Structures are given as C-alpha cells and as structure tokens.
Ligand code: HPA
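Form predicted on its own, single chain, as structure tokens, below.
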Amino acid sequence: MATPHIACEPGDIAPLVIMPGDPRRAERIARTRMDDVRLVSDVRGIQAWAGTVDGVPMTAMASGMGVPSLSIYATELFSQFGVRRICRVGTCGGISSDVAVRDVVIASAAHTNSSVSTIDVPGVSLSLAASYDMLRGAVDHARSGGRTAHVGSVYTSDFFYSSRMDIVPALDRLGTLGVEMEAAGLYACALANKGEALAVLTVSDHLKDGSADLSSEERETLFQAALEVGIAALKA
C-alpha cells in the first residue's frame, strides 16, 4: 500500500536502500551503478529507483535536506515497506584537521542540536549510533581498498546557515569529523523501527579552510568512493 510520500507497493522497494540527499544524485546512482532499473515512485520530486547492485536487490531514493525530511522517508521505508537497512551516502563539511576535502567519513555516531535525540525519552539524550554490522562492513571495505576513510562521530545540525560557529572548536576537541544535516535523524529512525543505518559522507568543504571547497557539480558527481563504501555496508 502506498504511503503519503511513497507511491508504490511494498514489493517494489528492496530491503536495502541507498539514500543520498539530492534526488539527482539518487537518479545518477540508479542509472550508473544499478542494473534492471525502474522508477517505482515519484512523489514531490523524490524518486525511488529499484534495481540490483552486483546482483543484490537495492533501491536508490533521496531523503531531501534535514532531519525532518529524512525522517519522513526513513520512517515510511522501515515501517511500511519492509526495509531492513538504509545507508545515507552524502556530503559533510570538515571540522577536524585530520580530514580533507574529498576524503570519506564513515559516521559511527551523530551528535546533534536536533530534538530527535531527546524527544522520545524525557530527560534522556539518546546515543545515536550506526549499526555495527554496517559500520564494520564499511570500514573493512574502505581499508581493504586503500581508500582514505575516517571513522568517527559527526555533528548533525538543524541549521545550514548558523551563527553558532563558537561551538566548532569544542566539537573538534571531542573528535568530531564533520558537520551535516541528516545522520542523527536516520540513526533515530533506525532505532525506533528496529532497522539498521549508516551514513557515509564525502567531505565537500572544510570549516577551517575554504580554499579547496567542491563546486555544486563536483558535490553531485565526486561521490563514487563513498558510494562503494556504502554499498559494501548494505551488503555486509
């Protein structure tokens, strides 16, 4: 049965979902990395593409920007379509000096200023972390391939344009690798729905050095390394 935001039948969505933020990136993944591709949903410009990756059924579907948008799609996928694993493949801004633009970040956990970490259990800030098996699969794949991949926490912010740059040094001291806008929401949805989730991110810009920031076109196309790490996590 279709949901308000996904117009297809449960069997049209694979148990494994690749989830970039950008709908154009989802289509690019489908057309360049998947076989037997078909469009199974197209509501509000968020298309779901079903097919196979190396013979394994997968779906590529965008999340849109921010925790609220991602939470709608992730919740419906987990609760209504039998999805078992979702891997966010997106971008982040670098915080740590240990990461550089174009590096891959595998987000083992997500700090956040979103209420998603506190709303479900009053008085408790939930630990929003990646699923272990997916995390292990991603790390093993990245290291075996000799890729530059960093493993650690990221910061999920509700604000793209924020005046609170004063918190960046503290996040850096705590080992936070980068900042983005969706991972904490994905991990919270996975917890709530007994699913599994991971975010694998390409560093597209750096808060300490803007000289090497990627262009919008590069952000769309230079994600192949992160995509392969994410696929390995889904298949682990």
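In this text the structure is predicted, and so the values were computed from the model without any measurement. A residue's number is simply how far along the shown sequence it sits, counting from 1.
One more form of this protein exists, namely the form predicted in complex with this ligand; it is left out here, but the text below deals with it.
Comment: 175 to 183 is the region of 64 to 72, 192 to 200, 43 to 51, 175 to 183 lying near this ligand in the predicted bound form, near meaning a non-hydrogen atom within 4.5 Å.
For the options Ser131, Thr91, Ser114, Ser153, the one in contact with this ligand in the predicted bound form, meaning a heavy atom within 4.5 Å, is Thr91. Contact annotation: Glu27 falls outside 4.5 Å of this ligand in the predicted bound form, judged by heavy atom distances.
Remark: Val168 does not count among the residues lining this ligand in the predicted bound form, judged by a heavy atom distance of 4.5 Å or less.
The closest non-hydrogen atom of Val37 lies beyond 4.5 Å of this ligand in the predicted bound form.
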